[in-house]
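Just one chain is shown here, as structure tokens, and it is the form predicted on its own.
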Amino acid sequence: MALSCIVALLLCTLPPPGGVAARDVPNDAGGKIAVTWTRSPDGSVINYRVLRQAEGATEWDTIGMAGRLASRYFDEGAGNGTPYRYKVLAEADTLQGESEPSGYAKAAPQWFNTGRIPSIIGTALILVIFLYTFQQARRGAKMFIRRIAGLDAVEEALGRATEMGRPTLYVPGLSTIDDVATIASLNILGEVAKKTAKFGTPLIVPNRDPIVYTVAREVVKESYASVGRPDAFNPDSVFFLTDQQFAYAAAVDGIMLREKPATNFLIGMFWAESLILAETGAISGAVQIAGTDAVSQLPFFITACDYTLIGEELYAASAYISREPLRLGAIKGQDYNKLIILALILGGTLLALAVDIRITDIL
């Protein structure tokens, strides 16, 4: 009788999962234990039930279910410092196979994420390169930047405005101060304002954003002071128009047609109004230098303007015009870092291809 019961019990169980192990998940904030096992060889298994028991407890608690192809489960409800052990039950329709319990494991937070070491090395490398290029720039090393036609034409365009006795119009885009294109535009505005101050050319700077207006006004004022012409700064030359997109475009068009500026700078972030501004400027006969990192607006500027700064040329413009060593050093540092990133991408691609070839050869 006893033998028949044992045989019946064996026939009513599944081959259990094997090699159940538990370990703390590394590089996390704690409270997480990974449970792994070897799947049951029985093909009728539907799912696995994961059980947990704290040290000193007498009962096992079900903490989760995993699919029939799973061999890992993360216990995200573990208390830090509490030892737990785990069992895994393979389940079919009416059958179960229970594994042996794992050893005890404790969840614990880690102060340092070792998975971020490559990021730290990369950041340190970038900083070292920037410090090196800054140091080289301070020592007066020659920094080469390729010729940018639109920036070479700045002085010529401002000279033309001076000879014609007409003002220069500078539109710093329509975006806010937190836009990178706006910041780059304000840097260029500072250099343009220095030259207009030297030449004695009136400068008109209409703004759409109140904060950009405030910053632009100070930039122009400081530029005039830096070249020894604070008296030539006209506070009314930098002004706020409106924050409405097309009302602003209409107002700037009116300035172009009434004031007849000899040179228009359209530099910064632009949207649908870009062609309206550039077309009106072209009709007025002004020399136009545009620049934006808005890819969708570049075709309009390239078509309607004399020179266009494309993408990163906009960010390099202030260094290019001013030839200030620190700015040139920053540009060179960026170039070196891009070169390293490009080399890493190329090397990684070649390694990935090599691995694929080896796997293909094996297969």
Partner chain sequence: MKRKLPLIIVLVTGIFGVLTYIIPHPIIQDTDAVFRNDILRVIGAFSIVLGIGSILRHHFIKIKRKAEHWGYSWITVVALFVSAIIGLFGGIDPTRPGLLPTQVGGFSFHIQSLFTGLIVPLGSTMFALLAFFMASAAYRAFRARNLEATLLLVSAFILMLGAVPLTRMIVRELPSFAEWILAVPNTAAKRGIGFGISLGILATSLKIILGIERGWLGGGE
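Rigid core (definition): largest C-alpha set, two forms, superposition within 1.5 Å. Numbering follows the first chain given and starts at 1. In this text, all values refer to a predicted model and were calculated from it rather than measured experimentally.
If you look for the form predicted together with the partner chain, you will not find it shown, but the lines that follow are about it.
Taken together, the three residues 163, 270 and 321 lack any non-hydrogen atom within 4.5 angstroms of the partner chain in the predicted complex. Across the options 143-151, 219-227, 262-270, 93-101, residues that bring heavy atoms within 4.5 Å of the partner chain in the predicted complex belong to 219-227. Though the partner is left out of this view, residue 32 does not reach within 4.5 Å of the partner chain in the predicted complex, counting heavy atoms only. By the criterion of a heavy atom within 4.5 Å, residue 253 is counted among the residues contacting the partner chain in the predicted complex.
Not displayed here, the partner chain is kept clear of residue 40 by more than 4.5 Å at the level of heavy atoms in the predicted complex.
Shown alone here, residue 61 lies farther than 4.5 Å from the partner chain in the predicted complex, counting heavy atoms only. Interface residue among 197, 276, 105, 89, judged by heavy atoms within 4.5 Å of the partner chain in the predicted complex: 276. This chain is displayed alone, yet in the predicted complex one of 249, 171, 286, 203 has a heavy atom within 4.5 Å of the partner chain; that residue is 249. Looking at 107-137, the residues that come within 4.5 Å of the partner chain in the predicted complex, counting any heavy atom, are 109, 110, 111, 112, 113, 116, 119, 120, 123, 126, 127, 130, 131, 134.
Fitting the two forms on the rigid core leaves the C-alpha of residue 115 displaced by at least 2 angstroms between this form and the one not shown. Once the rigid core is used as the reference frame, the Cα position of residue 297 differs between this form and the one not shown by less than 2 Å.
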